[in-house]
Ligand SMILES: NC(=O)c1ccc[n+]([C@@H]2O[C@H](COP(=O)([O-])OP(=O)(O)OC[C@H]3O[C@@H](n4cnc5c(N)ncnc54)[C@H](OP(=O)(O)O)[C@@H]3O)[C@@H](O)[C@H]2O)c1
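Presented below, as C-alpha cells, is a lone chain in the form predicted alone.
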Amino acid sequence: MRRVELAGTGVGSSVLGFGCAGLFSLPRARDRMAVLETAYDSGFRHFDVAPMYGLGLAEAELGALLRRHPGEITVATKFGIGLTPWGRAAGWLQAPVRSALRARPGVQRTVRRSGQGPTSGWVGRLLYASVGFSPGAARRSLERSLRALGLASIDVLLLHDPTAVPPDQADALLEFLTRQRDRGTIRTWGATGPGRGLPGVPRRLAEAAPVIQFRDDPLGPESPAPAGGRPATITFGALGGSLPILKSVIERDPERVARLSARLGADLRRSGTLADLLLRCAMARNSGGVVLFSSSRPERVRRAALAAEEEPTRGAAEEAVVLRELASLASEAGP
C-alpha cells in the first residue's frame, strides 16, 4: 500500500489507516485480532485507537498486534475522554452484552448512537467522562496508553474532541506536549473532532497543532488544502454517512445510474463498488494525508486495501464527477 508522511512531523504511514473504534462490535477477542491481523496483512500500517475504545480494552488488544510486528506500525491514540467507574466495570462484562445486541440490530444501533461519547446520550453519559485537557490529565492518560500499548513512544497523540480547553491551560498544555515530543515520549501531536475547525481550542494551541484529524464526508464540500501542507491531515467518516444514503437512492433512477456506471467503468449497483468509489474519493481529497477506514469484517478490510492500491477506473477527476452526480441524485430524492 502506498505510504505517505504526515507533513512536517517525520511520521510515515500507509495512505489508509485502520480505525479501532468499532472493532468491539465483535464480542470475541480472537475475532477482533483476526480483523487486526487482516488489516496488517493487507498493508495497513497506521492504527487509530483511544483509551475509551472497547470500554478501555482496545489499546491493550492493539498492543498484542504491535508486539507481533515491532517497529512496523504507526499508532495514534488520544486523551481527553475517559471511562466512568461504570464504564470500566462494563468493559469486563461487555462480551455477552455485545453478543445479545448483535442479535437485535435495531437496539444495537440505538445503543451505538447513544454511546459514542460523554455527550451523545444516556449510554455515553453512563460509560464515559471528560477528563479534561490539563497537563496533568494528559500525562496520566499518556502513561496509561504507553503501558496498555506496550510502547515507549506514541507516534501521534491527539486531543480527543477538545470542545472546551480552558484558555488558561493552553500554554501549559502546549509546553507539556512540546516537552514530551522533545523527550521522544510522543513523536507528534494534534487534535481530532467532527470538523476541520477546532472550536473551543485556544487559538495559540490550534495554530501550533502539527496534525488535525477530522470527519470528511466525500459528499460534502471539499476543505481547502492547508497552506504549505501544514497541519498534516488525517480524515475519517468516508463511508459511514454517505454509503447508506447512496445505497438508498441508487435504485430509484436506474437509467441515470446506468449512465453513471458507464462513465465510471464499473457497475454502481454491484456490492462494494460504491464503497470503493467513496474511499478513493476520500483519498483524493486528502492526497497528502491518511484516510481512516474501519470494519469488523475481514473481507471488507481486504477490499479497502485493494481500492487503495488500484488506479481509478476512469481517473480521479471522472470519479469525483460521478460522485457529485450521485450526490445530486440523493439530494433530489430528499430525506
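We number the residues from 1 along the sequence you see. Keep in mind the model is a prediction, meaning the values are calculated, not measured.
Just so it is clear, the following notes concern the form predicted together with the ligand, a form of the same protein that is not shown.
Q: Within 4.5 Å, heavy atoms only, which of 270, 67, 28, 297 is in contact with the ligand in the predicted complex?
A: If I apply the 4.5 Å criterion carefully, the residue I get is 297.
Q: Of the options 215, 140, 230, 263, which one has a non-hydrogen atom that comes within 4.5 Å of the ligand in the predicted complex?
A: Going through each option in turn, the one that passes is 215.
Q: Can you check 125 to 133, 182 to 190, 199 to 207, 231 to 239 and let me know which stretch has heavy atoms within 4.5 Å of the ligand in the predicted complex?
A: Of the stretches listed, the one contacting the partner is 231 to 239.
Q: Should residue 21 be counted as a contact of the ligand in the predicted complex, where contact means heavy atoms within 4.5 Å?
A: Because a heavy atom of residue 21 falls inside 4.5 Å of the ligand in the predicted complex, the answer is yes.
Q: With the cut-off set at 4.5 Å between non-hydrogen atoms, does residue 155 touch the ligand in the predicted complex?
A: Residue-level check for residue 155: no, no contact with the ligand.
Q: Is there a heavy atom of residue 44 no more than 4.5 Å from a heavy atom of the ligand in the predicted complex?
A: No.
Q: Does residue 58 make contact with the ligand in the predicted complex, using a 4.5 Å heavy atom cut-off?
A: Because no heavy atom of residue 58 falls inside 4.5 Å of the ligand in the predicted complex, the answer is no.
Q: At 4.5 Å, heavy atom to heavy atom, what parts of 125 to 144 sit next to the ligand in the predicted complex? List them in sequence order, or say none.
A: Nothing in the stretch sits within 4.5 Å of the partner.
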